[in-house]
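Here's a solo chain for you in structure tokens, the form predicted alone.
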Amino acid sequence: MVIVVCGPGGVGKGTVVARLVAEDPRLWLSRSWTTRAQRPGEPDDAYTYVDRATFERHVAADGFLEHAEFLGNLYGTPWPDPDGERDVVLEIDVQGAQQVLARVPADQVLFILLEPPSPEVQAERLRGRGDPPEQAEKRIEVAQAELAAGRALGAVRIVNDDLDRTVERVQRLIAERRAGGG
């Protein structure tokens, strides 16, 4: 199964996914690539950081399941290569989710759209993780369109207003899908 956790920047995708993977050994996190600079305090393994030319060569070689440009930077998910025993978790944006849904059979995808409790909370989270103010503003501007696109794709929507409750809800969805439901 491929578990797609998507949503606009500052919604808490990384925090939710980190908890899911830490608590469930049957999950394998695919590490995305990016051409953006590493944020202050961001772990070295948050992404595979590459230059634009390297990224574009990987695109040309069909090395990504999905890829997109966002606010001038490239982001992409390499084709997953788990050990065959675990479910793949993708922490991506809505553009990427659209591509995954076009390339992976729908019955093999659990598509979850995380939503912020409010634009104000989202902006606070963006600033808290080190986004420059102008970048945070741009992310807030595009968030409504991203949320609308995710909703139109039929994602399971979860408002991330309480981390524990959000993680528990996603864990229930995964358990239901593994059991053959939903």
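Model, not experiment: these values are computed from the prediction. Numbering starts at 1 and runs along the sequence shown.
This protein has a second form, the form predicted in complex with a small molecule, left out of what is shown; the following refers to that one.
- Three-residue candidate spot 12, 125 and 150; no residue lies within 4.5 angstroms of the small molecule in the predicted bound form by any non-hydrogen atom.
- Remark: residue 75 counts among the residues lining the small molecule in the predicted bound form, judged by a heavy atom distance of 4.5 Å or less.
- Using a 4.5 angstroms limit between non-hydrogen atoms, residue 66 touches the small molecule in the predicted bound form.
- In the predicted bound form, the small molecule sits within 4.5 Å of a heavy atom of residue 36.
- Contact check for residue 92: a heavy atom falls within 4.5 Å of the small molecule in the predicted bound form.
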